[in-house]
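Below sits a lone chain in structure tokens, taken as the form predicted on its own.
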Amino acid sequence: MRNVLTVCPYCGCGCGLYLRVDGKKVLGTLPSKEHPISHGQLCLKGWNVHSFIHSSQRLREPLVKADPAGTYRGTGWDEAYSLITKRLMEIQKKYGSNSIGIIGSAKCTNEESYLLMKFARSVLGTNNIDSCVRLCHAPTIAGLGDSFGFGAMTNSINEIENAKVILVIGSNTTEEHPIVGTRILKAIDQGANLIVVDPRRTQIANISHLHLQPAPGTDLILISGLIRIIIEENLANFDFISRRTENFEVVKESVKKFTPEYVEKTTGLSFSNLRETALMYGHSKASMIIYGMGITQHINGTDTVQAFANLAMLTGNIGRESTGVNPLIGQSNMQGACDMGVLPDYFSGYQSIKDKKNVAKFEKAWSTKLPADKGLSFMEMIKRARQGKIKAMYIVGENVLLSAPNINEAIEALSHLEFLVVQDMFLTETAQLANVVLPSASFAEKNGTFTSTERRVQRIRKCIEPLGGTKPDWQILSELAQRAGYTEMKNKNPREIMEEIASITPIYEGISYEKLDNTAGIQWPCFDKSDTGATFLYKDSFASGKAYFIPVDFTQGSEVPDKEYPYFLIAGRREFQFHTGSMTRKSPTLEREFPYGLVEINPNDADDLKVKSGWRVKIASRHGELETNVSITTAVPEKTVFIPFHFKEGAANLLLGNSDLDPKSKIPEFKVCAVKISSI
């Protein structure tokens, strides 16, 4: 029996753990006592990360669709590669490179995401590449990027313990990021005040000093109201504002419209609670903002993130330990996928494709001419596919038919394609529509790196050979590129790929396997070999010298309750499942704990509907409907219901369908829509 040190493949905490290996099989999991983040702890998902590796449902060979009825036949890699290159090149020649779209995944390593970005731009000649970040934290990249310089967590997980005031908003932290939750508990033990903003009464809300329950989708109004109160109470840090920021006066003027009367009316919160929150946050010199997808998955997500930045700058709670604006990324390498340029408008390291110097640098490094056309985002590609303008897609590790809003629209879009390739560990709902399915290796069967929510780059380590006929995603992409005639992706191993990443990506320039093998990770930016990284950002300066206040305004989404659809639906996660369930639902332990979907309904609403816990109900929106089980709980307020999105049998995303996108980050409305409920 041997133990192999690696990183958990679930949420963005980046916990260190050992996989227990006996010969060719992974038998169990142990926490790493020395790991700087997990400190010998794991959540229930972490304890069971080994469960899906040897699942009988793992794909073991490439599959090719044999007939229109959807029957697959197994084939070899040579035939699969030949068919993929033939069809993609035919479509590229007939319709142009912009008729092809690529979607990546947070399940891929940094090295694999980098190669996918390189494959899209160098081999297929398109900037139509995006990832699941467009459905989660794209507003972080846009919002914090414009305000501070980098679209990432400004501080570190360990710093939470020493914060004096913690504002958690749009995050059910103890369920979604349990290890971060333990840090919040330690901070409370040391005297910190915890403020939780969430329409639901979550686990973390139950331990808060102040729980605010605004109307769904009104967080931007709440934050703008706090900014106005802090200014009026003379709690603004004008020394910090004058020395380190620009454009404050414009924001000061813009928040005047967020009067107490307006904020109370729209959010449903009392002014006394708002003022208490503002004073608590404003008086502290160690106030920290922590937020999750309850903030970003809205059409005004970017503006809300920028409002957080304004609040932090206003009080000088940025650029120091235990302060800052800190998004909790939902998946193990979502941050890394962004860092590696699996985005339509950036190369790796957030180097804009609009900058001719960046284009010239990458063209020289990759020995090819790069596309100049603007790329399409995730939802733009889905829309174009539905219209017949995107003819082919290559999807790596993302189960679009559960993760995308309006699943019915996504099914229609992918069904319109002339050619679809899906690369995954399992025959997911998305893979079942593919013309070719390529079986990829799990995190236990390959080397590479993940970048956690706190910008920590860490090694994942191969502990067994790839099962059956599977291959690591990096190897598949490298071999496919060569088959297409592009020899600049003849990569031998992930270590070599990281060397290429470092040579062309300034924020990763000082990161190498040699350094990573001797540390528990490096937090970017790491600009040279002597650099040890940054535990927190902006100590001395911001990316462009000064931070920038950005005025924001509230945009009311079209998904509001009315007489026909009287309930607000909130979609989200639960602690025993992860994302679309493609990994956790292969774990007997996790599936036993939470095996099916449900809808949480307030007792008073349940009385009105004449339903009881365990009963089946039909829930319908303007876009779709589903059937699921009732759970009656006071965790949700009246006229609000909650559905987890993990379960294909009752997927919350069947009900979502608002076609509006955040104008800045192109994220769709995910968190709320109006529904009606009827008993079955």
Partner chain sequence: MNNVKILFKEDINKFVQICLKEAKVIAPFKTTYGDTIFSPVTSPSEVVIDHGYENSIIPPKEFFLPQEETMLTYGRYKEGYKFKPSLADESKRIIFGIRPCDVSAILFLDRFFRSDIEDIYYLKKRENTALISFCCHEPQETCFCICTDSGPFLTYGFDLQFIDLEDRYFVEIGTPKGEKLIKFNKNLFKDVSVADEKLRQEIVESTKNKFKSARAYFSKTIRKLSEGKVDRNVWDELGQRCFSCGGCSYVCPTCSCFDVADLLRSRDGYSRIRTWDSCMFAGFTKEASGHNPRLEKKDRVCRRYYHKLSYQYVEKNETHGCVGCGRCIVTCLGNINMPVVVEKIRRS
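Numbering follows the first chain given and starts at 1. Quick caveat, the model's predicted, so the values are computed rather than measured.
One more form of this protein, predicted together with the partner chain, exists but is not displayed; see below.
- Using a 4.5 angstroms heavy atom cutoff to the partner chain in the model of the complex, none of M393, A620 and T628 count as contacting.
- Taking T470, T174, T430, S377 one by one, only a single residue has any non-hydrogen atom within 4.5 Å of the partner chain in the model of the complex, and it is T174.
- Of the candidates G96, G545, G76, P588, P588 is the one whose heavy atoms come within 4.5 Å of the partner chain in the model of the complex; the others do not.
- Although the partner is absent from this view, G28 contacts the partner chain in the model of the complex, with a non-hydrogen atom inside 4.5 angstroms.
- At the 4.5 Å threshold, heavy atoms of N48 reach the partner chain in the model of the complex.
- Mapping the unseen interface onto this chain, L42 counts among the residues with a heavy atom inside 4.5 Å of the partner chain in the model of the complex.
- Taking the partner from elsewhere, K492 is found to have every heavy atom lying beyond 4.5 Å of the partner chain in the model of the complex.
- Note that among 330 to 338, 311 to 319, 516 to 524, 134 to 142, the stretch whose heavy atoms approach the partner chain to within 4.5 Å in the model of the complex is 516 to 524.
- Contact residues in stretch 279 to 303 (any heavy atom within 4.5 Å of the partner chain, taken in the model of the complex) are absent; none meets the cut-off.
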